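Here we start with a single chain on its own, the form predicted alone, put down as structure tokens.
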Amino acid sequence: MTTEEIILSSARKVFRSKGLEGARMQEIADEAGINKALLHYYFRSKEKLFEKIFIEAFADLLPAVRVSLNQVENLSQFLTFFISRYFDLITELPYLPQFILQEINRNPDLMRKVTGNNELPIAQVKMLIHRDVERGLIRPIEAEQLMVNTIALIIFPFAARPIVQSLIFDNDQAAFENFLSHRKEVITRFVLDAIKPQNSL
């Protein structure tokens, strides 16, 4: 592994255990086995380091989503794939939503920098919806509403973890982690049930 790869791997571990706000550059340097000056040579700030991790994560996700849309037979298959991949990404980097909300306000061009030419292909999702509605497989729904609702269901427990863990789980971290372990399957069932045609309910 190169020094940069070691730094990124170490940073992921520290961000995962300490969060974006709690992580310190010295901790990342210690985890990587390098001095802090060398860490700053590669990445000027903690935010720049996390931005690199963020960009790499989405560099894998969005092309995979586009490929999936060309391979699936129906919308349900696509949604199952999308929920699984996106949930796994956020689980791997649970402080990603916090970073996005914080950095988008500071740097509105960040998402364009991250996605490049790999935006979420809403036009293809619309085509899948139209085809499945005509087949009687799903009820009519706006693609934009469907995708925003799905992404919100995935992101919210991570973005609002202190609130959810406190109000619903009485600050029981083990109970919250157990909740998350079933969350992917629950979201998938919820979304697929929501788009079923009326006569199948």
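Just so you know, these numbers come straight off a predicted model, no measurement behind them. All residue numbers are counted from 1 along the displayed sequence. We call the rigid core whatever largest set of C-alpha positions still superposes within 1.5 Å between the two forms.
The same protein has a further form, the form predicted together with the DNA, not shown here; the description that follows concerns it.
Interface membership of His40, defined by any non-hydrogen atom within 4.5 Å of the DNA in the model of the complex, is confirmed. Although the partner is absent here, Val65 lies well away from the DNA in the model of the complex, with no heavy atom inside 4.5 Å. Contact between Ser166 and the DNA in the model of the complex is not found at the 4.5 Å heavy atom cutoff.
Contact check for Leu61: every heavy atom lies farther than 4.5 Å from the DNA in the model of the complex.
Heavy atoms within 4.5 Å of the DNA in the model of the complex are found in exactly one of 132-140, 66-74, 156-164, 29-37, that being 29-37.
Relative to the superposed core, Arg139 undergoes a Cα shift smaller than 2 Å between the shown form and the other one.
Residue displacement note: Asn70 has its CA displaced by under 2 Å between the shown form and the other one (rigid core superposed). With the core held fixed, the Cα of Asn35 is displaced between the shown form and the other one by 2 Å or more.
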